[in-house]
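Before any questions on how it binds or moves, here is one chain, the form predicted on its own, in structure tokens.
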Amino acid sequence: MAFASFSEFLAMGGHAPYVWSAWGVTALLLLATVWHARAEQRLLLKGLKRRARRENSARGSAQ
């Protein structure tokens, strides 16, 4: 094992602030990407449903 104890692992040989902040920023960006993709998907589906309703109502009134 590269570290003798868990506290040494957390300290990362004196580089802990850089290492753990890099991990934190990466995790935050991944979560933000997932959240943004889901929000975009919801907006797209909402718009498609609205368009389908509008087209269906236009066809119904044209007949």
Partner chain sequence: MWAFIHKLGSPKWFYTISAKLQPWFWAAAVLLLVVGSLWGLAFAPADYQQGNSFRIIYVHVPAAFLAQSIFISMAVSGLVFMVWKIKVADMAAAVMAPLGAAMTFVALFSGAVWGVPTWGTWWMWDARLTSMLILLFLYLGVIALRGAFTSRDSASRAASVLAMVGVINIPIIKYSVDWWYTLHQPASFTLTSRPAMPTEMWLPLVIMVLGFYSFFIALTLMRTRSEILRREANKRWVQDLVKGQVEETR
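Numbering follows the first chain given and starts at 1. Rigid core: the largest C-alpha set superposing within 1.5 Å between the two forms. What you see is a predicted model; the values in this text were computed from it and never measured.
Note that the form predicted together with the partner chain isn't included here; everything after this is about it.
- By the criterion of a heavy atom within 4.5 Å, N56 is counted among the residues contacting the partner chain in the model of the complex.
- Contact annotation for 25 to 56: residues with any non-hydrogen atom within 4.5 angstroms of the partner chain in the model of the complex are V25, T26, L29, L30, T33, V34, H36, A37, R38, E40, Q41, L44, L45, L48, K49, R51, A52, R53, N56, listed in sequence order.
- Once the rigid core is used as the reference frame, the Cα position of R51 differs between the shown form and the other one by less than 2 Å.
- Once the rigid core is overlaid between the shown form and the other one, A16 counts among the residues whose Cα shifts by 2 Å or more.
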